[in-house]
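Single chain ahead, by itself, as C-alpha cells, in the form predicted on its own.
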Amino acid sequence: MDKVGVWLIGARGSVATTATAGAAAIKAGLAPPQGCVTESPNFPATLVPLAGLVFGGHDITETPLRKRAEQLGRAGVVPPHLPDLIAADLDAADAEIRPGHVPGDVPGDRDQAAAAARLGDDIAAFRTRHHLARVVVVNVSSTEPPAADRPEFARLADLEERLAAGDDVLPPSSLYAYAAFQAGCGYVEFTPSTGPTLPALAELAALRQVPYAGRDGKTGETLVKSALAPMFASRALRVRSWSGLNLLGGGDGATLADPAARSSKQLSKDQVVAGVFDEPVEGQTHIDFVADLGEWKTAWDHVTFEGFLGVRMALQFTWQGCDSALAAPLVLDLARLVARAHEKGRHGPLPELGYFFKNPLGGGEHALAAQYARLRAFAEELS
C-alpha cells in the first residue's frame, strides 16, 4: 500500500484539522511524528507511510479547512506559522470534504436510506479519484447521547427493511458506519457514540469483510487511569474510591454541556476503573464546560486506597492537555493500522487496538501495559 484514504466524519473539527495539518507537516519535514505510536522506534509494523495518507470527509460546517487551521494556530494547538506552509495540502483536503447528513438540509437526503447511499457514494468516488486500494472512515464528530435500543438493531434484514420503508431509525454515527461498511471501508469510532456497535452493523461488517475499531479515543485522564489502576491492583492495594473532575472548553466542551451527550462520555470514562478492579469502587467522573479554557482540558482525580493493616492513604493527580493535539496522532495511527488489517483479511471488531480506546470494542484488557503488549503482537502479526 503506497496510499490510503482517511475519510473523517467531522472533517473540519479540531481533531480532524489537527490530524490533517499534522500529516502534511510531517510529510513536508516541518515536524517530527511526535505522539504517533506507530512511528515509535522499533514499533513492529509495516504500514503505509504517513506521506501516503490522503484526506477527505464529511462535515456539516462550511468553514474552510485552512481557516480552521489558522484558528487553531491562534489558539496554540498548531504552530501559528504552519497553516501558511502547508496551505496547498489543506486546500486539497478541503476540496475533498462533502456535506454531512442533516435531515432536510441536503437535497436528495429525503430519508436515511437515501442519505446512506449518498454518503457511501461520496466515499467510493473519493477512493476512485485517488486510485486508493483502501479507505478508512474515522468518526471524530461531536459526541451523541446514548441510543435507545430498538428491535430492528438486532438484525441487518430488519434494519434495512425499516430504512427501505423510509424510517429514520439510526443515530448519526451509526448512519455513517452503515454507509462506510456498504462502501467496503474499515471504520474507527473515535467518539463514545453508538457508531458500529449495533448487532445489525456487526452483521453488515462481516458480510462486507471489513474491520472496525473503537470506541472513544483514550487521550488524557483515562490514559492515566489505565496506567495507575493496574498498579494498585498488582500491589494488592485496595482502592476504595476514585473520583474525577474534568474541565474543558472548545466545541467538545460545549457539546458535553448537554446532559444527554455528557452521559455517553461519563459511561465511557468509567469503564477503566470498573474493568480493572474485582469489586465496586465508589466515585464518579464529572464533566464541566468552561468556555475560557478554549482547546485545553484540565482533569483532577482523587483516589483513596488501603494498604497493610488497613492504613488509609490517598493519591491525587492533575492532567492538563490539549485534546486535539493528543488525539490527532492516534487518528493517524488507527487509520494506518485498520487499513493494514483490512489488507491482511481481518474483519469485524479489532480488540487488539483497545490500547487506543476507553471502551474497546471486542472486549479485552483495560490495563495499559497489557493493551500495549497486545497491540505490538498484533502489529507483528500484520507485518
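Bear in mind that the values here come from a model prediction, so they are computed numbers and not experimental data. Start at 1 with the first residue shown and count on from there.
The following text describes the form predicted in complex with another copy of the chain, which does not appear among the structures shown.
When contacts are defined as a non-hydrogen atom within 4.5 Å, all of 25, 31 and 247 contact another copy of the chain in the predicted bound form. Checked against another copy of the chain in the predicted bound form, the candidates 123, 159, 213, 78 yield a single residue with a heavy atom inside 4.5 Å, and that residue is 78. With the partner omitted from this view, the residue of 263, 241, 71, 209 that lies near another copy of the chain in the predicted bound form is 241 [heavy atom within 4.5 Å]. In summary, the region of this chain contacting another copy of the chain in the predicted bound form, judged by heavy atoms within 4.5 Å and restricted to 90-98, 124-132, 173-181, 293-301, corresponds to 293-301.
For residue 223, a non-hydrogen atom is located within 4.5 Å of another copy of the chain in the predicted bound form, even though that partner is not displayed.
The closest heavy atom approach of residue 165 to another copy of the chain in the predicted bound form falls outside 4.5 Å. A residue is said to contact a partner when one of its heavy atoms sits within 4.5 Å of a partner heavy atom; residue 320 meets this definition for another copy of the chain in the predicted bound form.
Although the partner is absent here, residue 338 is not a contact residue: none of its heavy atoms lies within 4.5 angstroms of another copy of the chain in the predicted bound form.
Residues of 314-340 lying near another copy of the chain in the predicted bound form, listed in sequence order, are 314, 315, 316, 317, 318, 319, 320, 321, 322, 325, 326, 328, 329, 330, 332, the criterion being any heavy atom within 4.5 Å.
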